[in-house]
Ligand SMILES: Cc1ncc(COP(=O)(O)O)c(C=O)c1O
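Given next, in structure tokens, is a single chain: the form predicted alone.
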């Protein structure tokens, strides 16, 4: 049975081989094992002695303990380890959703969650943020009503690059009707402020389910490792479904992730330096432009949404930029909105970003 096209991934995949500058990237500049060993003061030569068997079925106790260190109130029994964040999201949806269940998803967001929910037969309601990415909590409460089983959010947001200010009110609404809250938190830890970690929904709501990943916050997308954090009863149910698609994660990935997460503060310090320096470059680029502005300036993560002052669809605008410059951006249309903005990533190598923005600037001068 075929599922609906994944618009974001299709947009990227169909242009990947012709891309000269990829500003669709969402991960901070990837770490090498050499860089990771220096940051963590770890000798990775011992990895050569690890027997290449199946790993611990739900993640090693060392890895689970390291993941618990990212939260305030979690124990290893509240964690199961998955094949990337995308695998974690799928397991949550297929475990919690039955045909006919009502779910409300705050958008724009990562398409995977609501498309999968529809595929499994859920009654899916998409609730879009206002044009300035604010949340109208009264309208939201009306849409949730009394019959919603699951509320889906992403915090920090994709493509917004913003932390949700109204999280306590969302919890109050969910709690009043006994609904679950599922929060994709793959950018958690990258707030652009002194306290880089936002509160996790799994720490502050009994029926909160969190997914996380090594890809974004920890610059290790290549090890394909994610996790789910929730109360013990939910994790036990998820693990029943997990047996059908994941025997175990790679034992090598488990080892690398454990080392990294035991040193997560050092990695985040490195990544926030990249993010803050590059965001300053992007701020100047946008402020100097006559046709661009932030929808709302991002305060977390590695991405943001930029408005453009031109009567073109976001598809056409981003495609024209791609055809004329080789720069890959993400149109608002892949997030199921017709707004005039695009998503841009800015956590890559500084020279790479500067070169891309210089070319982008010259193209904008020609068309505006």
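Residue numbers count along the first chain shown, from 1. These numbers come from a predicted model, not from an experiment.
Just so you know, the form predicted together with the named molecule exists too; it's not on screen, but the next bit is about it.
Think of it this way: in the predicted complex, the named molecule has a heavy atom of just one of 65, 337, 325, 26 within 4.5 Å, and the residue is 26. Taking a 4.5 Å heavy atom cutoff to the named molecule in the predicted complex, the contact residue among 271, 278, 89, 160 is 89. Contact check for residue 186: a non-hydrogen atom falls within 4.5 Å of the named molecule in the predicted complex. Contact annotation: residue 213 falls within 4.5 Å of the named molecule in the predicted complex, judged by heavy atom distances. Taking non-hydrogen atoms only, residue 296 never approaches the named molecule to within 4.5 angstroms in the predicted complex. Shown alone here, residue 192 lies farther than 4.5 Å from the named molecule in the predicted complex, counting heavy atoms only. Looking at the named molecule in the predicted complex, residues 85, 110 and 154 each place a heavy atom within 4.5 Å of it. Of the candidate stretches 200-208, 216-224, 283-291, 263-271, only 216-224 has residues whose heavy atoms lie within 4.5 Å of the named molecule in the predicted complex.
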